[in-house]
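Presented as C-alpha cells, the chain that follows is alone, the form predicted on its own.
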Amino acid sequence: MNVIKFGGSSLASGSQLKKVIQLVKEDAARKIVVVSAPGKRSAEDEKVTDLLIGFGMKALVGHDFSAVLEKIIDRYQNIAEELGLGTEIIDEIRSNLDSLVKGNKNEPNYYLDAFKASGEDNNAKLVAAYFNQEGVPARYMDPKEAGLMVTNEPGNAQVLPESYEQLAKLRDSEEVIIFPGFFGYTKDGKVCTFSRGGSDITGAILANGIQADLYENFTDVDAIFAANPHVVENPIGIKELTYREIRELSYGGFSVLHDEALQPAFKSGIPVQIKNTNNPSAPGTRIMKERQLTEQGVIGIASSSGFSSIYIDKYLMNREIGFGRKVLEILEARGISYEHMPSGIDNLTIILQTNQMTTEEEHSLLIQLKEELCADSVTVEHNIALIMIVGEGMREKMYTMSKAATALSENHINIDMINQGASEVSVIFGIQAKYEDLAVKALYEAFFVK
C-alpha cells in the first residue's frame, strides 16, 4: 500500500488532473492520494494558497474581498468545467469559503490558518468527485475524521504521536482515499497548518501511519538534481539519496521537498520516490535510509544566501569556562537562532540569518556581546552565502576538501568560513554572496565534470 502525493503544479488544471488519475489507475497499491492546493499554471499565474492568504487578510480587517474571492472560485470552476464536473462541487466550495469569513476573528492566527488550509481541503473534495465520476471509487477524507491531530501552533503545527494509531485505520479502506495536505486539527478542534509547503509533511505522516511500502511524491521535475538547474546548465539527476543527504541539501536550498517532510518517513524507514507528473517514465530519485556508495563521493551541491557572520575575538577564550554558553544565552534571550558556530582558540564566529534582526537590534547585540563577554572585538559582516557539498561517500574519499578549495581558489573566491559536520556528510563554506552562483558552478565542474 503506497501513499502518493501531488504538488500544486500537478493539480493546477483539469488537464493535469487527467494525468493524476491515470497514475493512480496504473498502480493498485496507490490507495492514499494526498493533494495540494492548485498551483501556478504559468510563471505569471498565482497560487491558490497565495490568493487565500490575501482573502483571509482582507476578511480579517473588514476590507472588501469580493474580487479575490471570485478569483479563487474561478480557479476551481475552470478545473471543474475542464473535467466535466457538475456545479454541485463549486457550490460546496463557495459555501465553505463563505463560512470561513464568519470564523472567530479574535484569534487571527487560527482564523487565517483556516483560510490557508481550505485550498487543499476544497481541492481534495474536487479530486474525489472527479475520481468517482471517472469510475475510480474514491472518498474525500477529512483530517479530523482520520485522526490527524496537531499541536496548537498555527503555521508551524507538529503532528501529535497519538495520530499514528488513528491513521493506521486508513489501511482498511476499499476506496481510494483523497486526503488534503498541509493541515490537521488541534485537540480542541481548530484547524492548524504545517509550515508552508507542508503537504509533503502530510504525505510522510500518512506513510508512517499506515506503514506504507513506499511514499511517492509527484512534482514537476524529473529528479532531484546534483545542483540547481537555474545555476548549472543540465546538471545530472541523482538516482539515490539517503535521508541525511536530502536533509542537508534541503537546508542548503534544494526546494523539491519541504525540509521537515521526511521526518515521519525516516522514523519508519519508508523509502520516498520523487517523480514527475508530466514525465512519469523518468526514473526520478529514491530517498532511503542507506544506499550503496559509489565512486562519486560528493552527490550534490547546494547554496543559500541571506546570512551574516558575527566575529568575536578574545585572548585566552579557550580557557574561559562557560564562554560559549554565555554567547548562546545572549542569543536565546533575544529570540535569535544561529546556523553555525565555528571557533578557534581565541575567536568564535556566529553564522545567522540576517532577517532575524533590524539594524538597531543588531547594533544593540554587538554592544551587549562585547560588554558582557569582555571581548577584545566584536564585528559583523553581511551578505554571506553558504555553499554546501554533500555526500555520504565523502568520508571514504581523500582530497575532497583540497578539490573544493582549489575550485574556489581558481575562481578567485575567498573562503570566509568552513564547517564540517561530525557526520562528515556535508562541508559548508561561507563566502561573499555575490560569488554564490560562480561557486556552485565551480564546485559542480570540479566534482561532476572534471
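Residue indices: 1-based, along the sequence shown. Not measured: the values here are computed from a predicted model.
The same protein also has a form predicted together with ligand ASP, omitted here; what follows describes it.
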Picking from G147, P271, G155, G197, the single residue whose non-hydrogen atoms come within 4.5 angstroms of ligand ASP in the model of the complex is G197
In the model of the complex, the one of K58, K403, R30, K47 near ligand ASP [non-hydrogen atom within 4.5 angstroms]: K47
Close approach of A37 to ligand ASP in the model of the complex, 4.5 Å, heavy atom: yes
Interface membership of E248, ligand ASP in the model of the complex, 4.5 Å heavy atom rule: no
If you check in the model of the complex, is F182 within 4.5 Å of ligand ASP, heavy atoms only? yes
Choose from 198 to 206, 156 to 164, 72 to 80, 293 to 301 the stretch whose residues reach within 4.5 Å of ligand ASP in the model of the complex, heavy atoms counted. 198 to 206
So which bits of 103 to 121 sit within 4.5 Å of ligand ASP in the model of the complex, heavy atoms only? E120
